[in-house]
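A single chain, nothing else alongside it, follows as structure tokens in the form predicted on its own.
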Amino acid sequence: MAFAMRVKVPPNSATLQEARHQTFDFFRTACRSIPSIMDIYNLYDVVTPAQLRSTIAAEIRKNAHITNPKVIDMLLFKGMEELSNITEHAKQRHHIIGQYVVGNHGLVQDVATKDENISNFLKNFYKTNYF
């Protein structure tokens, strides 16, 4: 399926309200592209559209404390670039699953029962440096 979505980069925000409005627009754009992403990467067997939507919302909420419009614009640009790469099939299926379905802590939790005799230093190291 050849799907080319052109993501328009918004102009720089003058105020925090503008940046917030652009963030909501980006969220809407990302949510509207979920069905095509599910088709492109054949993700129906590992995740639902609602789970992807909540992952996108969690990624946006992770930066809710930022109040500088220039920083928000930079994060929106990075998000638009990521969305463009995903919709243009610049990533492979396992990248999407690892980054947005399993998440950062998914695989670490699976090996926790096997590695009970690991020191606290290594447990903390794996928790913070595993990507």
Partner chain sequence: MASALRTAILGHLRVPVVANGSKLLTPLWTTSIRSMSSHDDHLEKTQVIDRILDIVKSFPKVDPSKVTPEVHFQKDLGLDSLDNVEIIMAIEEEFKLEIPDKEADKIDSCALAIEYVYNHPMAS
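Residue numbers count along the first chain shown, from 1. None of the values given here were measured: they were computed from a predicted structure.
The same protein also has a form predicted in complex with its partner chain, omitted here; what follows describes it.
Does any part of Ile60 reach within 4.5 Å of its partner chain in the predicted complex? Heavy atoms only, please. Taking the distances in the predicted complex, the answer for Ile60 is yes, it comes within 4.5 Å of its partner chain.
Under a 4.5 Å heavy atom criterion, is Arg53 part of the interface with its partner chain in the predicted complex? Yes.
How about Phe77 - does it come within 4.5 Å of its partner chain in the predicted complex, if we only consider non-hydrogen atoms? Heavy-atom contact with its partner chain at 4.5 Å: absent for Phe77.
Any of the heavy atoms of Cys31 lying within 4.5 Å of its partner chain in the predicted complex? Looking in the predicted complex, residue contacts with its partner chain include Cys31, since a heavy atom lies within 4.5 Å.
Suppose contact means a heavy atom within 4.5 Å; in the predicted complex, does that hold for all of His94, Gly98 and Phe125 with its partner chain? No.
The chain here is shown without its partner chain. Which stretch in 22-30, 68-76, 84-92, 39-47 comes within 4.5 angstroms of it in the predicted complex, by heavy atom distance? Comparing against its partner chain in the predicted complex, the contact stretch is 22-30.
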